[in-house]
Structures are given as structure tokens and as C-alpha cells.
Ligand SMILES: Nc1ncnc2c1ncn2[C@@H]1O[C@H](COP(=O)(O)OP(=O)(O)OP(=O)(O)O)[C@@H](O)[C@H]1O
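Just one chain is shown here, as C-alpha cells, and it is the form predicted on its own.
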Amino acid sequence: MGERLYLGIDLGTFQSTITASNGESNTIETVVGKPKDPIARNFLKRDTLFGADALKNKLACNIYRPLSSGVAQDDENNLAAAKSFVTHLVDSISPEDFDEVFGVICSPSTISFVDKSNLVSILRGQVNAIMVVSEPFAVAFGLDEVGGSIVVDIGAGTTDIARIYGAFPTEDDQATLDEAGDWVDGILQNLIEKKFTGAQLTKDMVRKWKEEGSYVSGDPREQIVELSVEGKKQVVDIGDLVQIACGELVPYLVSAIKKNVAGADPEYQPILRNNIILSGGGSLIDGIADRVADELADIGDVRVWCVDDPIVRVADGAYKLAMQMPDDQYTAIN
């Protein structure tokens, strides 16, 4: 076709999303499965499985989640898994008809030089040139909220916060927290195991329950789940535990937002306080915007709101940015 394909890519710890200028888009769980042995290879009839397909066959596979905290883990097996996953993700939007591919890739707000180098290495061969921006900035750009906002992107591996004021945020404008979705899952798993002695759980089970019933305010809600206790089926209510686990995240968000506001130009602080945007999967926790706003009340009038369709917001914003940036903002990686 002799044309250029533009991509917006959100490489997430739990799931990754890609949006392209040819109208294609896709979200895939960031999981790679490799058959454990020749029997598994013959049974699966594939050398590599991705996303839900890998999880469906996880007992026959070595499972990799290669983008821990939104960046490629720095070891040979995970880098190889990350490379194969990114290849699969890009191939899913049919790039073969285009002469060149330019992509805006989103990362946590603060990543190291090694992390950036690994990011380039897993994308080499899939795109001709890249531009790396933080996840909060991509959200703000996609929403046309770059004029004055604080974006809090609550992902699985990290929570990323940035103040946005009409230009690319600097390092001082941004922060990355380890307290995020996976961290909440760990707290919930510990609470369940403590209350129901002998409960046999996996991280995927706990994540699923949290996503189905997450909330932070009001009276405890009933959430009935089925689990095994020393191999015996039990039906239990974990609704109160889900509220406790999700609520543990709020003080970290509030503290980081207060610090972000305090570090801004004082003339802009009222604007920032009145446009605090929650995105990422964690923004789907019922009541989280109101709870955060309540706990920020001591710094003045605040407005906290959640984006619609948070799972695709980062990739959509990155795609919008890709379409508008001049070529000199990209870095060639072939």
C-alpha cells in the first residue's frame, strides 16, 4: 500500500491493548505459555500460546507474565516471552500491508534506562520507530485534558500519577506507586486465607473475585464464592474482605495526589485540584472517586472523576498522539 501504519500501544502487567490507524484494535491478557514437555507440545500443537488461550492450558505450560510492572523483566526467558507477546499483539492488527509502522508506546511514569532499553529490544522488528510516553499523559491527551489535570492511572502492576499542564510532563511531575491492582489482590488473598483456614487459592481466582465485586464505601455487601478448603468445596461470603482490600489502596492514592498537587506551581494548584482523573482498571472499583475526593477534602475544593472505558483509554490516547506527532519526535529502532 505504500502507507504508514500508526499504533498506540499500552503494554500492561495484566493485559495489553493496541489501537491502529487501519481501524483495528485488540486487548489481550499479557500472558505467554510454553508447552512443558514433548507430550504437551503434541497435545497443544503449538510452540507458544498467548492470553486466555495460555491460561486455559496453564497446567500443560510454563506460564510467563513477562511485563511485570508494565516493563519487560530483565532475564532471558521473560525477555523472549515479552518479544513473542509483542509480536503477537502487533500481528493481531494486520500490519503486513504497510511499508512502515510508527508506534507510541506507553510505560509507567518512572522507568529506568535498562527498562527503556528492554522496551526497545522487544519492539525491534515490529515497528520502525517509537515514541515512549507515560500512561497518565496518554490518558490526558486522549481526553483533551492536557490543559490542567492530575491523572491517576491505576493498573495491575503500578499506579502512575502525573500532573499535566499543556506540555509533556517532566520527571518531577510524575510518580509511580507499587500499590496497584496486583497489590490489592495480594491483600485480598491473605484476608481470605486468614478467615478460611486451609483455603486453596490462586492469584487468578482472587483477581476474578475482586473484579466482580470491588467497592470501597458503604455497608458490607454480600459476595458469595465457591472455594476449596483442603480439597472440600465450601461456599462462603467474601464481600466484607473485598471492601477491606480495595480500601487499603485509597490512602496511598490520596497521599500521592496531595504530594503531586503540592509540588505544582501554586497558581495552577486550584486547577489541578478540580480536575483529578482516575483511569486504569482500578478506576472501576465502585465508589473510589467519591472516597478519594472525601479524603482530599482537607486540601480544599476538589473534583475527582473516573474515565469511561478505562481499559482502552491509554492505548487510544497513545494512538491519537501518534497521529499528531511530527517524525522528529520518534526514535528509529531498526
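Here the structure is a predicted model, which means the values were calculated and not measured. For every residue, the number given is its place in the sequence shown, counted from 1.
The next section is about a form of this same protein that is not shown, the form predicted in complex with this ligand.
Student: When this ligand is placed as it is in the model of the complex, which of 250 to 258, 187 to 195, 174 to 182, 81 to 89 ends up with heavy atoms within 4.5 Å of it?
Tutor: It is 174 to 182 that comes within 4.5 Å of the partner.
Student: Could you confirm whether Ala40 comes within 4.5 Å of this ligand in the model of the complex, counting heavy atoms only?
Tutor: Ala40: no contact with this ligand in the model of the complex.
Student: So, Gly33 and this ligand: in the model of the complex, are they within 4.5 Å at any heavy atom pair?
Tutor: Taking the distances in the model of the complex, the answer for Gly33 is no, it never comes within 4.5 Å of this ligand.
Student: Under a 4.5 Å heavy atom criterion, is Leu284 part of the interface with this ligand in the model of the complex?
Tutor: Heavy-atom contact with this ligand at 4.5 Å: present for Leu284.
Student: If we define contact as a non-hydrogen atom of the residue within 4.5 angstroms of the partner, is Ala156 a contact of this ligand in the model of the complex?
Tutor: Yes.
Student: Scan Glu145, Asp240, Glu211, Glu100 and let me know which has any heavy atom within 4.5 Å of this ligand in the model of the complex.
Tutor: Checked against the cut-off, the match is Glu211.
Student: If you look in the model of the complex, which residues in 15 to 29 sit within 4.5 Å of this ligand (heavy atoms)?
Tutor: Counting only heavy atoms within 4.5 Å of this ligand in the model of the complex, the single contacting residue of 15 to 29 is Gln15.
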